[in-house]
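Listed next as structure tokens is one chain, alone, in the form predicted alone.
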Amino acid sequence: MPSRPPRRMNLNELVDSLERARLHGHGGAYFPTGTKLRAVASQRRRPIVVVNGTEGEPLSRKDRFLLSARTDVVLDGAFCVAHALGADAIVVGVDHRRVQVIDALEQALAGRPELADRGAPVVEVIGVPDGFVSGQETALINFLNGLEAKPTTTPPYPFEKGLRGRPTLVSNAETYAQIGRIVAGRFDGSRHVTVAGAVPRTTVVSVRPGTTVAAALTAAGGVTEPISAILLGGYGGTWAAAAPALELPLDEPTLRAEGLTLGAGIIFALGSSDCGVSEVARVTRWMADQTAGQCGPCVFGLDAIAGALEDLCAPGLPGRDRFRSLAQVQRWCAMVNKRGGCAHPDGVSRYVTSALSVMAHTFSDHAGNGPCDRCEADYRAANAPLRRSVRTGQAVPV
């Protein structure tokens, strides 16, 4: 619990501080935070501040870590922004399943000295449906407005017309935590990254500028087996070959120059004992099932791509059919890109096409020779018929 409220700045002072720190959003879009504040402030109506803590990306853990273990730092940033913008409301959206996070927020808010001030903003913590697209900022705004948690086309953008029809600043939890550190004079350029895959367990680590991918893996406990590929940015991110990727610094401009991004701050190491084709097929099917159901590229395109990838893992499929499926994946990814109602198909296309490039030999081998043992086992497990357990009553594979 903070002993006193965080330092207050007017809008120009805060934006100048953010720009000197070169702060960009840590939710995936990497948009300059100071520019975002100025856009909200330029509107006529009184704004609202929204902390996006939904974290719909399955590989990510950093925002729930910050909201539960570094709660006051996140709230420091939110209160600073609300003061600078003159906002009268702060809303924190959290996955409704994260009871521990919600409890931590409510306990921290109970001790915030700012809330005793006259004219203090009203703060609400709201549980949001879990799902990949429900964390997209317009989907979150829709839900907070009493609608379905589905993305909408823009403009108007949230900074123009967001929550309750008012200008709304939406940023993720880590962005607000960084603002809190900047205002307190504790900002050193470090950020939080979730490391998953071939490590002892999924771990959130703090990395300073210049830290390499290999060093981040070491900080997470080291790899448990040789690495065949690295995924940066999560399920909407980009695959990279292991050898060059391990030496890359976790610096967003450097990564973007290589056609990569940390996105929401995710590193996934694919172990050599895992099948890349099976992993890509599994994730693509999950992403296809996460569609908002609002446009053809999502509803039909992603389902078709997932099905064609599953063909490469399916036992007994003729070779000519597997080669056709592989060609269809490449063609359909190009067709859905930039044609969806939101960016969801773009992320899936990026994820799959980068896998086809980085793991080209593995995909070609599956097309020519059929699924590998691991791939086939994963396929059978995913498609096994179910029966009811006499002991638990739960559905279990036969």
Partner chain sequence: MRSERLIVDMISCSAHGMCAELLPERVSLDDWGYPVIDAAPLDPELVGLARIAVQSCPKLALRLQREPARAPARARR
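All values derive from a computational prediction rather than experimental measurement. Residue numbers count along the first chain shown, from 1.
Omitted from view is the form predicted in complex with the partner chain, to which the following refers.
None of 288-296, 87-95, 72-80, 315-323 except one has non-hydrogen atoms within 4.5 angstroms of the partner chain in the predicted bound form; the exception is 288-296. Across the proposed site, S228, G276 and P371 without exception lack any heavy atom within 4.5 Å of the partner chain in the predicted bound form. None of T194, S171, Q136, T284 but one reaches within 4.5 angstroms of the partner chain in the predicted bound form through a heavy atom, and that residue is Q136. Residue-level contacts in the predicted bound form: of S272, S190, T212, T152, one residue has a heavy atom within 4.5 Å of the partner chain, and it is T152.
Of the heavy atoms in F159, some are within 4.5 Å of the partner chain in the predicted bound form. At a distance threshold of 4.5 angstroms between non-hydrogen atoms, D346 is in contact with the partner chain in the predicted bound form.
Proximity of A41 to the partner chain in the predicted bound form: non-hydrogen atoms within 4.5 Å are absent; the residue sits far from the partner. The closest non-hydrogen atom of C342 lies within 4.5 Å of the partner chain in the predicted bound form. Looking at 302-339, the residues that come within 4.5 Å of the partner chain in the predicted bound form, counting any heavy atom, are A304, R331, W332, M335, V336, K338, R339.
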